[in-house]
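What follows is one chain in structure tokens, specifically the form predicted on its own.
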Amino acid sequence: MHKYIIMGVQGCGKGTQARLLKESLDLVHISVGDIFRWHIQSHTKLGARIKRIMAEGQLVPDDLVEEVVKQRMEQHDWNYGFILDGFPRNSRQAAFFLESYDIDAVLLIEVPDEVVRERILNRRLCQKCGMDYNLIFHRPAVSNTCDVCGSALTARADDTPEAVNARVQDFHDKTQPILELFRRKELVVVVDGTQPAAEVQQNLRHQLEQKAWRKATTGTSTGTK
């Protein structure tokens, strides 16, 4: 069983890397963002609350994120393991999660802030079917038109330069203490997220295999930075 947490600033490509790991290792990808989007598209009460918060350019409160993750983990459908994306959000949540689950590694996708800003500001979303696009990596066949359902594509309401800058800074402020905790546990594996997705995945898998081999031969895990 493989149990991973994947981290990185919004726009670093961690969703793509999580999906590739899920497919190759038969993991369950538990994405906080996907759970929130499901609630928004399903017009639940929680979805309405989340949509209002995001429209204001704010992050969903930590206590709400924690509640959603706890409910999802309790489903126990991850027979071969999981890769958790979008949690923990602070040191308290990280400590609690480590007490509850034996994590194999924390995967950190590093991308410079200026690259992240460019990626996020080029994102487009189909409001009808929810398909994601990026004008840098994943352009629609017809400009501003969804390939799946033919509806118009729009920028996300919270993808303004001011909101993106605030989210990037918030990520750094909150993530550094979490990473320090994980590094003390020798769990962190770091990859350069500016490479093509296939190369990032190859590097990630290589480091995870090395980490697993060291743990098997020495009885301990060694973090990578």
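In this text, residue numbers run from 1 along the sequence as written. Bear in mind the structure is a predicted one, so any value in this text is a computation, not a measurement.
What follows is about the form predicted in complex with adenosine monophosphate, which we do not show.
From the list 41-49, 22-30, 60-68, 180-188, the contact stretch for adenosine monophosphate in the model of the complex under a 4.5 Å heavy atom rule is 60-68. Every member of the trio 10, 54 and 87 reaches adenosine monophosphate in the model of the complex with some non-hydrogen atom inside 4.5 Å. In the model of the complex, adenosine monophosphate sits within 4.5 Å of a heavy atom of residue 93. Scanning 171-185 for heavy atoms within 4.5 Å of adenosine monophosphate in the model of the complex gives no residues at all.
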